[in-house]
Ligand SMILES: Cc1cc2nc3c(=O)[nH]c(=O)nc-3n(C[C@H](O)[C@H](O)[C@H](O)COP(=O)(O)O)c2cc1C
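A single chain, nothing else alongside it, follows as structure tokens in the form predicted on its own.
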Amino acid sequence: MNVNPEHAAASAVYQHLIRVIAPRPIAWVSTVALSGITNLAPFSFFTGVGAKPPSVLFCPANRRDGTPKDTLRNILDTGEFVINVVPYRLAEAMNLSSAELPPGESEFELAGVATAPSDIVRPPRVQASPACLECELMHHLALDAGPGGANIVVGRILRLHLDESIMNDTGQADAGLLDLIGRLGGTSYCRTTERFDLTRPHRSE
């Protein structure tokens, strides 16, 4: 099967991509509107960018009517957001927060998610998330306008919050203790409960 994106509907291309670009980590992004309403939504086109500067990237698509999602609008208005990681025990709450609500309603309240204050930025953290990244907007790139149009958001990490419960004796976060979930295609997810190690090859002289 060969798919030419120029001759296929964006929705069909999306369905192919979310199944072959997998598993994908989930950025559970919290923001706050200028009105003070908090917002919480998951995004699985998400990755780290680098450590110098410490930065992350996620990609919120426009709504079906072509308008920006609350998350993107809030970030463009305030320049701030928090990325919260999603362990298995928070999967149901994360899923509930993916509902499209009117701008005046908060997904924190809908999903029954408790907040914790951030150190630097205005948006709150997810209290139960074992790792949270406070970020300021570095770059926004709108790749296309209209329904489903892709946006790239790059944030500079200002503060990392790492719960002591996920730290191992080396002082680093442990994958087994984090028990994060990843996004697959459709309604499918996976857990990071089965892992293996590979020693990186050494360059011969």
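Residue indices: 1-based, along the sequence shown. All of these numbers come straight from a predicted model, not from anything done at the bench.
The same protein also has a form predicted in complex with this ligand, omitted here; what follows describes it.
In the predicted bound form, no residue of the candidate spot (Thr115, Pro124 and Gln127) has a heavy atom lying within 4.5 Å of this ligand.
For this ligand in the predicted bound form, the listed stretch (76-84, 115-123, 98-106, 128-136) containing residues with heavy atoms inside 4.5 Å is 98-106. Proximity to this ligand in the predicted bound form, defined as a heavy atom within 4.5 Å, singles out one entry of Ile166, Cys59, Ile157, Ala33, which is Cys59. Residue contact check for Leu90: none of its heavy atoms lie within 4.5 Å of this ligand in the predicted bound form.
The shortest heavy atom separation between Ser55 and this ligand in the predicted bound form exceeds 4.5 Å. Within this chain, Lys69 lines the site of this ligand in the predicted bound form, having a heavy atom no more than 4.5 Å away. Although the partner is absent here, Val153 sits far enough away that none of its heavy atoms falls within 4.5 Å of this ligand in the predicted bound form. Contacts of stretch 122-142 with this ligand in the predicted bound form, defined by any heavy atom lying within 4.5 Å, are made by none of its residues.
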